[in-house]
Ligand code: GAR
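One chain comes next, on its own, written as structure tokens: the form predicted on its own.
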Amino acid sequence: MLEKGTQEKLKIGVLVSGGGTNLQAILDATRNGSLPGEIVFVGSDNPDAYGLTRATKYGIPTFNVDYDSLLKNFDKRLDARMIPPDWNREDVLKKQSLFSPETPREKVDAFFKSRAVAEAVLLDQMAPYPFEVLVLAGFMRILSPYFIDRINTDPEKPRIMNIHPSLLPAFPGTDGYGDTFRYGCKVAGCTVHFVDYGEDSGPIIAQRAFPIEETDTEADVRKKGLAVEWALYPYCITLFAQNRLRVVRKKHTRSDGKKMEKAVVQVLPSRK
């Protein structure tokens, strides 16, 4: 991350699955100087992702990891040969929060083993391109503790960002704008957060909201939301570049007496 007075650019890695409109917004921000960074690679789980084409036009290195093939060919009976040697079952199961304790262990094991197979390939593809922050720009894969821990080597300094199309914690999952609209909400929005071991549950960096008018269709909500995303994501990456994001753990006691602790992002004031 950048310190005051330095001219170095933040090295940004990006993962996409589709068209890459948020990637384009980040590219535009690096080119116009509002984001002091450079994209050092763009990777995808989809060989047809237009985001790869966008990156190639700018001379940015790209790669594809064929998740579908890797997951399809995963054979749990041969997992000892397929999963990476540094994968630790107990560590992953202890940290994950995607599955409830009632979920059959065999199902949970198979899910995380197969993801580790694909993620090991993803890590290998990323290795030639040192980066300081990894940005998920419509990357439609859940990342497991195996992958996250190899990027977040310092637990106090997360390095994976995601943007989600709802005002979290409302409507996590794959269709935030659609869920918001169908629920009858009067306000929609998007959230940029650090990635943790759950689904869209990591510490929130910033949010932006916009009204849903009575005449709006679901398509209108998505269109409005994307326009907000394209401004919010580069802004949050800029905060990271300026070393203005700090993750702290806050403790609270609920009205029922239950104690809870939550990781929260503090945005530090500008040094200018």
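Please read all numbers here as calculations on a predicted model, not as lab measurements. One rule holds for the numbers: they count along the sequence shown, beginning at 1.
Omitted from view is the form predicted together with glycinamide ribonucleotide, to which the following refers.
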For this session: Counting only non-hydrogen atoms, choose the one of 144 to 152, 100 to 108, 172 to 180, 67 to 75 that falls within 4.5 Å of glycinamide ribonucleotide in the model of the complex.
Result: 172 to 180
For this session: Report yes if any heavy atom of Val121 sits within 4.5 Å of a heavy atom of glycinamide ribonucleotide in the model of the complex; otherwise report no.
Result: no
For this session: Examine Leu93 and determine whether its closest non-hydrogen atom to glycinamide ribonucleotide in the model of the complex is within 4.5 angstroms.
Result: no
Problem set entry | 4.5 Å heavy atom contact, Gly13 to glycinamide ribonucleotide in the model of the complex | no
For this session: Report whether the minimum heavy atom distance between Pro165 and glycinamide ribonucleotide in the model of the complex is within 4.5 Å.
Result: yes
For this session: Within 4.5 Å of glycinamide ribonucleotide in the model of the complex, which residues of 218 to 243 have a heavy atom? Give them in sequence order, or say none.
Result: Leu226, Glu229
